[in-house]
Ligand code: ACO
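The data below hold one chain only, encoded as C-alpha cells and taken in the form predicted alone.
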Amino acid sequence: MPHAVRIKNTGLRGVTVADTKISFIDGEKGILIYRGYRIEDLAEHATFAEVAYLLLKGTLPGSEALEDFENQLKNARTLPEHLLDALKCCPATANPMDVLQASVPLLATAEPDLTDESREAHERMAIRLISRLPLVIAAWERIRRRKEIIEPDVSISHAANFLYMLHGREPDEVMSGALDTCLVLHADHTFNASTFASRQVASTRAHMYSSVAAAIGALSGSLHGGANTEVMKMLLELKKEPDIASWVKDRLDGGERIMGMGHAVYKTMDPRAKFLKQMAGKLAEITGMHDIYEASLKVEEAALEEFERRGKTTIKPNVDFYSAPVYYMMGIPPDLMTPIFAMSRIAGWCAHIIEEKFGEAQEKPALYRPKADYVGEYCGLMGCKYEPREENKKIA
C-alpha cells in the first residue's frame, strides 16, 4: 500500500476544522457558553426567543428588538397545505424523525427567500424554520393519533404554543416554562455531529433547508439525539425493577452501554444535565410520576458506582439522561423526544449555517473535504486486472 506514516483514525475528535463565535465547551470543567454567556445564566433567566436571537445575531436583544423577533416567530406559525397533505399520507408507524426530516424539503418549496443569497434572507429563513419545526412535530403527532390538527395560538409563547398544539389544551405556566428552559439548554453545542453535518452541507453552497435536513438525519442516530428516546425506554422498563444496581452491573459486565451516560466532550457532569435533574424532580412532584424519577436516580447512582469501581470516573450523566424523564412528564411520547431536541437545536443549526456562509474570513477551505486512508485491495499503480465475462464483452 502506498501509505506514509499511518495516523490514528480519531473520527475527527479533537481536530479543529473551523473558527466559531457561537458557542464554547470546556469538557474538563463542565462549561458551556453561548456567545459569551454561561448556560447556567441563560437557563435561569433567558427565554428561548432571547437565546435564538442571541445565537442568530450575536447579541442579546433589547426589549423592542425582542418583541419584534417574537412577533416574527408568531407570524411564521403556519404550514403550507401541501405539507399537511403529505403528512396525512405517511403511515402512522413512520419514525417521527424521518417525517420531520422529509418535511424540511417540503417547507423549502414554499420558501420565498430560498434563492436569495443575502445574510438578511438567511435570517428570515431561520426564523421560519425555528417557528415551523414545532408545528410539523405537533401536526404529525395529531395526525398519527387520528386527532384533529390544532391551529397555532399566536397570543402565547413558543413553548406554550407547541404544548397547546400537541395536547389540544392550554398548558400551565410550569410546564411551558420548563419546556422553554429545555429549549434553551438544547439550543447549541458547538461542532457536534448534527451541527457539523449542517455546516458541511452549507459549505457546498447548498441552501439552508438542505443543510437542516442533513442535520436532522445526523441527530436521529442513537449515539446523538436519539439517545433520549433510548433512555426513556430504559426507564420505563426499570421503574418496577426491584434491583436496579444488579441490572446496571449485569449490563456493564455484558459490554453494553447505559444510555444517557458519558459524553464525547464532557469529562464531568454535563452542565445541562444538572438543570434537567432538578427539573425532573419538580415535575415528578407535580405529575406524581415519582417512579420514573426514582428509577433515573437509582440508575445514575448505580452507574456512577460501577464506573468508579471500573476506573471510568469521567463517565457522567449527559443531557439525554434527564431530558428523557422531563419530556415524558410533559406528556411527550418517547419517540417524539428527539424531534423536540431538533425543535430546539434548529436555532443553533441556523446560526452555524449563517456563520459558515457569511462569517468572517476563516483559515479553512470553502468546502469541507477530509481525506481518508484507503485500506482495501491494491494491485499496484495499474490496478487489479478485470477479467470480463463473455456476455459482458463490449464491441470495440
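Residue indices: 1-based, along the sequence shown. Values in this document were obtained by computation on a predicted structure and should not be read as measured data.
Missing here is the form predicted together with the ligand; even so, the following discussion is about that form.
Novice: Applying a 4.5 Å heavy atom distance criterion, does Phe341 contact the ligand in the predicted bound form?
Specialist: Yes, Phe341 sits close enough to the ligand in the predicted bound form that at least one of its heavy atoms falls within 4.5 Å.
Novice: If you check in the predicted bound form, is Ala264 within 4.5 Å of the ligand, heavy atoms only?
Specialist: Answer yes; at least one heavy atom of Ala264 falls within 4.5 Å of the ligand in the predicted bound form.
Novice: Though only this chain appears here, would Val154 touch the ligand in the predicted bound form if you measure heavy atom gaps against 4.5 Å?
Specialist: Output for Val154 is no: heavy atoms all beyond 4.5 Å of the ligand.
Novice: Would Val319 count as a contact of the ligand in the predicted bound form, using a 4.5 angstroms cut-off between non-hydrogen atoms?
Specialist: Flag for Val319 set to yes.
Novice: Can you check 283-291, 134-142, 249-257, 201-209 and let me know which stretch has heavy atoms within 4.5 Å of the ligand in the predicted bound form?
Specialist: Selected range: 249-257.
Novice: Report the residue, out of Arg77, Lys239, His224, Lys298, that has at least one non-hydrogen atom within 4.5 angstroms of the ligand in the predicted bound form.
Specialist: That would be His224.
Novice: Need the contact residues for 286-315: heavy atom within 4.5 Å of the ligand in the predicted bound form, sequence order, or none if there are none.
Specialist: Contacting residues: Phe307, Lys312, Ile315.
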